[in-house]
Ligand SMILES: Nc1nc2c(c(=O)[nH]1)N[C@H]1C(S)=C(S)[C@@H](COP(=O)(O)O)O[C@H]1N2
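Okay, here we've got a single chain as structure tokens, the form predicted alone, with questions on binding and movement later.
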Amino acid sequence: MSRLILNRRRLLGLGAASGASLILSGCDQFDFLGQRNDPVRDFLERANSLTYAAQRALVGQQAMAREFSESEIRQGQRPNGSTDPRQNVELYRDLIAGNWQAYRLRITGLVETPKEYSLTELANMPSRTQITRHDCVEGWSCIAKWTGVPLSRLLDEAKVKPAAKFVVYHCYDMMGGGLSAPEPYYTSSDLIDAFHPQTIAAYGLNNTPLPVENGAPIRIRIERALGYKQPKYVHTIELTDSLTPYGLGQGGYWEDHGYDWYGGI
């Protein structure tokens, strides 16, 4: 099983990273990655769906990601991607200046009772701490200790409606630029990953408050998925029955640029 998962991780990492880098660099052979109705992209999406279904069947819905001992933390959590939304998001700058007092994590969409939580309220809830390995599509890994509120608790308090199928995570950081306008980062998961016992709204990293470069004030940790499925700077968690209305309809910023939606390991 470990060999299967390793091969899956290596294949997905190489394919997603190379495909996305080509489209972002303007390589016209890969223009199909940014087009909704291209037959080649449709084929790849069907392959992703098959991989998703097969991995769910092989690994199981509640299989746990490996956890490590504190002695196995060799370094600080490596920052990656966007690392400081203060550069172009005024609201985020204001939140930091106010020591997060105005921050609210909102649970919206297909829920019976929309919720919002201050950072203090989240920190005072029953928490989970786990030492896990972060695997990036770029090929590096990093073991770190994360502390936060189980996402399942927040979703249970909001009472998810039966029609909900997906969870969309909206973030403060902006991606892109250059010839295209910056876009807010977002990604999504199914309800299985959202309710998984190791999925947490993390506010602590290696026994300290979550730093800005690692996603403060809240980062969602979906421990059985690759790094781009661990959204930073999260402000809204939205329950929905379809991913079509968001971005290009593929379920996330990088997914809209050709990455696999599931991103499981």
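Every value quoted in this text rests on a predicted model; they were computed, and no experiment measured them. So that there is no doubt, residue numbering starts at 1 and follows the sequence shown.
Keep in mind that the form predicted together with the ligand is missing from the display, and what follows is about it.
- With a 4.5 Å heavy atom cut-off, would you call residue 171 a contact of the ligand in the model of the complex? Close contact exists here: in the model of the complex, residue 171 approaches the ligand to within 4.5 Å, heavy atoms only.
- Could you confirm whether residue 132 comes within 4.5 Å of the ligand in the model of the complex, counting heavy atoms only? No, residue 132 is distant from the partner.
- Item | Residue contact check: residue 217 to the ligand in the model of the complex, 4.5 Å heavy atom | Residue 217: no contact with the ligand in the model of the complex.
- Message: Contact with the ligand in the model of the complex for residue 227, defined as at least one heavy atom pair within 4.5 Å: yes or no?
- Response: Judged by the heavy-atom cut-off of 4.5 Å, residue 227 is in contact with the ligand in the model of the complex.
- Between the options 152, 77, 127, 108, which residue brings a heavy atom to within 4.5 Å of the ligand in the model of the complex? Going through each option in turn, the one that passes is 77.
- Query: Which residue, 119, 143, 89, 136, has a heavy atom that falls within 4.5 Å of the ligand in the model of the complex?
  - Reply: Flagged contact: 136.
- Using a 4.5 Å heavy atom cut-off, indicate which stretch of 235-243, 209-217, 195-203, 64-72 touches the ligand in the model of the complex. Stretch with heavy atoms near the partner: 209-217.
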